[in-house]
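One chain is shown next in structure tokens, namely the form predicted on its own.
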Amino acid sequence: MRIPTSILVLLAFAAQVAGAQEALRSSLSDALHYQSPSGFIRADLSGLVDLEAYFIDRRPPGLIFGNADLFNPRLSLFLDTHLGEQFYSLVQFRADRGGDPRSKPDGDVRVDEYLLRWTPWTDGRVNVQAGKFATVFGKWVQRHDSWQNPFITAPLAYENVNTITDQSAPGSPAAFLARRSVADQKAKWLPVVWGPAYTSGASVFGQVEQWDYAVEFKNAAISSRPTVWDAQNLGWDHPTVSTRLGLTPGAAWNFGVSASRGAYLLPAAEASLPVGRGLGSYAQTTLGTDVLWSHHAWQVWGEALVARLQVPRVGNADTFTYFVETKYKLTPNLFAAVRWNQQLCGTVPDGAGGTQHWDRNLSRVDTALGYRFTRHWQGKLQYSYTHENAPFQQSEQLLAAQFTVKF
């Protein structure tokens, strides 16, 4: 595979600007902080600037849109505000080419998150928040931003679109199964979890000794697309409830279990449903488990998800997906990472007396090399190889580079 010119240029740019981090830190630190004379109001503005380049051999994998190589700049701003000791708010602003690369090729400006949190006790045993924010399901979402994620892309469970759509019901089992023979319809189909799932609603979470918990009531399913995450676009007529319970028995380990259930079909699908059935008749139920182990230079994460989506005129479409991810610090600044992903799909009636797998089984290996030049500058390279259990391969190889400025 040839290395595209855009990636080489990006790496050269990273090397040139890395030395300027001290000037960035000193010039911005005071300007991006405010505190009232009494100290009651404290506000900090921080951000990430990401410059990404993708080289794709066929169709792009996951939630990368379009059918060609891609340069993807992104600006993320985070406004954290504290009001006394009990109230906190967060607003996340984004300017990019869509929440998923090239989903808005002409550019997009939006507010991805906004929330208000109340913490009645200083020990953090109870926190109540409302607004638009990332799901509590799973563990990867807590480290999904470009600075914390060792890779450039998300795990398979959070970005691989399946042949299930939220916009219309299939006319028959045969029509549903026929989708396996066409390329991914990313504007119509759904993953098990759509990235961080910045849906709207309220949550209660906290930590008591070794245990942490979270429960949320949201307007849309964890597989829902970004266009309905805002409550102005989709209300709470068919809400989703998600929860996670975690255990940290020692400094090296964290275990968690998650669950989520809610309707996944959108109002646009209502006219195509069988007579007497409504949107609430078809739910997505997802169970997950996650584990984290860290020791010195090693970090290992793993998640396994089982999802069932009730498909009109077909039945239960079950899938199992998991990933195991390892990161190793070669030096204090240089790290390497590898991630194995797989998704397996169950069978559904084919309408002719038999059963068939409702989607193609998929496996993918992601490898990454990253270098943290300073506390404010980071570069990453990723190579991924994908294989589908299908007569044709949609996307086999992906080469990507990312340069991140943190301020």
Partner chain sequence: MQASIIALVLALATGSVAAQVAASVEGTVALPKPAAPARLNARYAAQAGAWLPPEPPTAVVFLEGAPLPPDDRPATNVVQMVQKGMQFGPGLLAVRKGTRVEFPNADDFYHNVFSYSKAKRFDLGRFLKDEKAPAITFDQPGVVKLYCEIHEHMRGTVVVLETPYFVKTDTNGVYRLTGLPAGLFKLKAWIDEKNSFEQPVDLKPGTTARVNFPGSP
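The structure presented is a predicted model; accordingly, all values stated were derived computationally and were not measured. Positions refer to the first chain, counted from 1.
Omitted here: the form predicted together with the partner chain. The next part is about that form.
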Sort through 310, 167, 72, 127 and report the residue having a heavy atom within 4.5 Å of the partner chain in the model of the complex. 127
Contact residue in the model of the complex, chosen from 172, 333, 185, 233 - any heavy atom within 4.5 Å of the partner chain: 333
Mark residue 372 yes when one of its heavy atoms lies within 4.5 Å of a heavy atom of the partner chain in the model of the complex, and no otherwise. yes
Is it the case that residue 123, even though its partner is missing from this view, gets within 4.5 Å of the partner chain in the model of the complex, heavy atoms only? yes
Under a 4.5 Å heavy atom criterion, is residue 85 part of the interface with the partner chain in the model of the complex? yes
Quick one: is residue 113 in contact with the partner chain in the model of the complex, heavy atoms, 4.5 Å cut-off? yes
Look at the candidate spot formed by 178, 272 and 344 and say whether the partner chain comes within 4.5 Å of a heavy atom in all three of them in the model of the complex. no
Exactly one listed stretch (200-208, 154-162, 185-193, 261-269) reaches within 4.5 angstroms of the partner chain in the model of the complex by non-hydrogen atoms, and it is 200-208
Looking in the model of the complex, the residues of 136-160 with a heavy atom no more than 4.5 Å from the partner chain, listed in order, are 141, 142, 144, 148
